[in-house]
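Have a look below at one chain only, the form predicted alone, in structure tokens format.
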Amino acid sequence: MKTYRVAILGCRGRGTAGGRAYRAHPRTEVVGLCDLIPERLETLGDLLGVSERFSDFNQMIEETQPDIVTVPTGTEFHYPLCMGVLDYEGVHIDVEKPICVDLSQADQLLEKAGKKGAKIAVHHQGRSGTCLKAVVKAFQDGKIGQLRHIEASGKGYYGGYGLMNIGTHTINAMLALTGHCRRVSASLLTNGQPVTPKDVVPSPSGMGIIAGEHITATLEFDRNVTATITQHRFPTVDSTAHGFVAYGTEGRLLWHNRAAWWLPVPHFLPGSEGTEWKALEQDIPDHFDSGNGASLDDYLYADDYVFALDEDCAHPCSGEEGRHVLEVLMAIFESGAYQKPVVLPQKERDHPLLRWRKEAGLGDPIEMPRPVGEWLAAEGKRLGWEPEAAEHKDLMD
């Protein structure tokens, strides 16, 4: 059986997580690392035992001949780096979520990948995780009857930033139960009022253009299935808030990246007989070693990639699936801006918030700091928040 060679382009937190997973998997080998900051290269290289370290990704690809290049960088760099990687024959891409900052970039990236015969997977590791797989199995086994609605929320980040950061995971996980979304309606509020074109700003951490401190969106799918997703800014980040509850005609399912539960009745009455949530059994493969330093979800994401390459099929988190997630995100922004439903896929593929500003006679958004804490302080100053509100600290996923 082939061992797939992996090169990592970006050695920060997500590069480290992916590197641990690819090192741990018996069918993948990390053969090269690339970063512009020597200290990061040394730290991750020493951790993974990888001697081939580069500051130029072209040199890394040419000298290490990888089968997979991972791109765990800021979203703003995904498009140029992935397009550069695709200049090489026989190289597949594992790119951090979201796939790009807008649909025009995603379209061009997938078009080039298709011409090159390259597989792109977007790193929504929760989709490969045992928790979601347990929820999907329970759903397929009929434990909740017919799916009616899904209710999802984020961690309490600033709404637009949370949507691009955590909402990508949530929506991708939903798709495992619902299939693709066909229409979106959304409300975007900042300081308790509907957003205006002046509220369109660059996201923290280079995740593109955003708007909305509090975002509430309704998604419509086939078979009369709907979903509600909220990305509301909390006073403090709450990682336990991230996940969804799926409502069926005969029960409910709860997904969190660290939990999977089943309620065997459709209507929950606390304390009533037979209405207790039950933990779902999770299937952890024998070849996963909990002492190897890799997270289980990242390891299983790598395992899904090995299977996709072995069988010449799409990864569950394929580029096409990642683009559809981005379509939903852009539709949420578009619907909130124009205050009308948006049908998917969108005909116009530019960023809807930049289009909205241009139609209002405004130029490019104001510059904002990239680090989250500094960004929040700048946004708080722009909006006149109380000092304690502006000191709220978000954390990257």
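Values in this document were obtained by computation on a predicted structure and should not be read as measured data. One rule holds for the numbers: they count along the sequence shown, beginning at 1.
This next part talks about the form predicted together with a small molecule, which is not shown.
Within this chain, E334 is remote from the site of the small molecule in the predicted bound form, having no heavy atom within 4.5 Å. Although the partner is absent here, P72 is a contact residue: one of its heavy atoms lies within 4.5 angstroms of the small molecule in the predicted bound form. Contact annotation for R252: none of its heavy atoms lies within 4.5 Å of the small molecule in the predicted bound form. Remark: C34 counts among the residues lining the small molecule in the predicted bound form, judged by a heavy atom distance of 4.5 Å or less. Contact here is defined as any heavy atom lying within 4.5 Å of the small molecule in the predicted bound form, and by that definition not a single one of R127, M174 and H180 is a contact residue. The stretch that touches the small molecule in the predicted bound form, counting heavy atoms within 4.5 Å, is 97-105, out of 97-105, 244-252, 311-319, 134-142. Only one of the listed residues (R40, K358, R53, R349) places a non-hydrogen atom within 4.5 angstroms of the small molecule in the predicted bound form, and that residue is R40.
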